[in-house]
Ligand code: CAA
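Here's a solo chain for you in structure tokens, the form predicted on its own.
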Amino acid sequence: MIFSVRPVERICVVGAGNMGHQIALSAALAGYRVKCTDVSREVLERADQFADSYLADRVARGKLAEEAARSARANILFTRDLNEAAGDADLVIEAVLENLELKIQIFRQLDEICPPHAILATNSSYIVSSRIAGATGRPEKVCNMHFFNPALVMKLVEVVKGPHTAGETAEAVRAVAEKMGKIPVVLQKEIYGFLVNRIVSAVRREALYLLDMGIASHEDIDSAVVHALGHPMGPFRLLDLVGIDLAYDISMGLYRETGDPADKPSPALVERYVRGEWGKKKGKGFYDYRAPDRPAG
């Protein structure tokens, strides 16, 4: 079969949450015509407002020319209509919740809506595209395109080739990431967690083990990682930022998949998950983010 990829000019982003709308705005700033869609009117309104405030702030700070801001704003449209968003797309980036069934449903819809040449990418940080590609009639045009949060700031993008992914697809997605001002890395094979999350998870797993064994406090472990290894943030501070609930769900998902007791979430993680101490967003995790005069109850 002769396979070729058309130049990417129009991008659809499915999911207008924090990751989705920042990916969409990054693409619009790079000159792509972008349509960002979500089932929630409220989420779309917040995303639309964010685009206005972010661009205005960049201009006010002298980080972006007014003409570039106007051009980027003209390049991006927020809509609840998936058909309108994806009907003429050259590349779709799915950025919805980490739910396999939901992603499969969306990719099945996209396969019907999108032009035959369109590439379908998932921003999933853990779910490999081979688990989704079978829902489409274009598996050679399906891959992972994983951005990092916050997508407007973080430079790295992981492009992951599944056994079904054509080399031309991966190269086209890599080129898009590069045009967006990102630093793309290409994984030639699928692996759970990709590159960065595997490395971060290894550090986190050992840090949790040291805490569970009573070797050192979470504060001292963080201090060691920051001041000896040069990390900008320790593993426990990072867990609070990412969300202890998310870390728990990912660990449980891996354990259900492998059945290996070593993949179960750490007791320290379970303890805080059960108490609802999910990190900074809840005011408390491994660290306390509440105002000093706020009652503990």
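One rule holds for the numbers: they count along the sequence shown, beginning at 1. Just so you know, these numbers come straight off a predicted model, no measurement behind them. Between two forms, the rigid core is defined as the largest C-alpha subset superposing within 1.5 Å.
Not on display, but discussed next: the form predicted together with the ligand.
S.K.: Select from the listed residues R41, R256, R61, R70 the one whose heavy atoms reach within 4.5 Å of the ligand in the predicted bound form.
M.R.: Result of the distance check: R61.
S.K.: Which residue, M252, A30, V270, V242, has a heavy atom that falls within 4.5 Å of the ligand in the predicted bound form?
M.R.: Of M252, A30, V270, V242, the residue with a heavy atom within 4.5 Å of the ligand in the predicted bound form is V242.
S.K.: Just one of 143 to 151, 211 to 219, 77 to 85, 113 to 121 has heavy atoms within 4.5 Å of the ligand in the predicted bound form; which?
M.R.: Going by heavy atoms within 4.5 Å, the stretch is 143 to 151.
S.K.: Tell me whether S129, V157 and W278, taken together, all sit within 4.5 Å of the ligand in the predicted bound form, counting heavy atoms only.
M.R.: No, because S129, V157 and W278 lack any heavy atom that approaches the ligand to within 4.5 Å in the predicted bound form.
S.K.: Determine whether any heavy atom of L238 comes within 4.5 Å of a heavy atom of the ligand in the predicted bound form, and answer yes or no.
M.R.: The answer is yes: L238 has a heavy atom within 4.5 Å of the ligand.
S.K.: At 4.5 Å between heavy atoms, is M233 in contact with the ligand in the predicted bound form?
M.R.: Yes.
S.K.: Consider Y248 of the chain shown here, and say whether it contacts the ligand in the predicted bound form, taking contact as heavy atoms within 4.5 Å.
M.R.: No, no contact at 4.5 Å.
S.K.: Can any non-hydrogen atom of Q109 be found within 4.5 angstroms of the ligand in the predicted bound form?
M.R.: Result no; Q109 lies far from the ligand in the predicted bound form.
S.K.: Quick one: which residues from 9 to 48 get a non-hydrogen atom within 4.5 Å of the ligand in the predicted bound form?
M.R.: Stretch hits: a single one, Q22.
S.K.: After the core is overlaid between this form and the one not shown, has the C-alpha of C114 moved by 2 angstroms or more?
M.R.: Shift at C114: below 2 Å after core fit.
S.K.: If I superpose the two forms on their rigid core, does the C-alpha of R33 end up displaced by 2 Å or more between this form and the one not shown?
M.R.: It does not, since the R33 C-alpha is displaced less than 2 Å between this form and the one not shown after the core fit.
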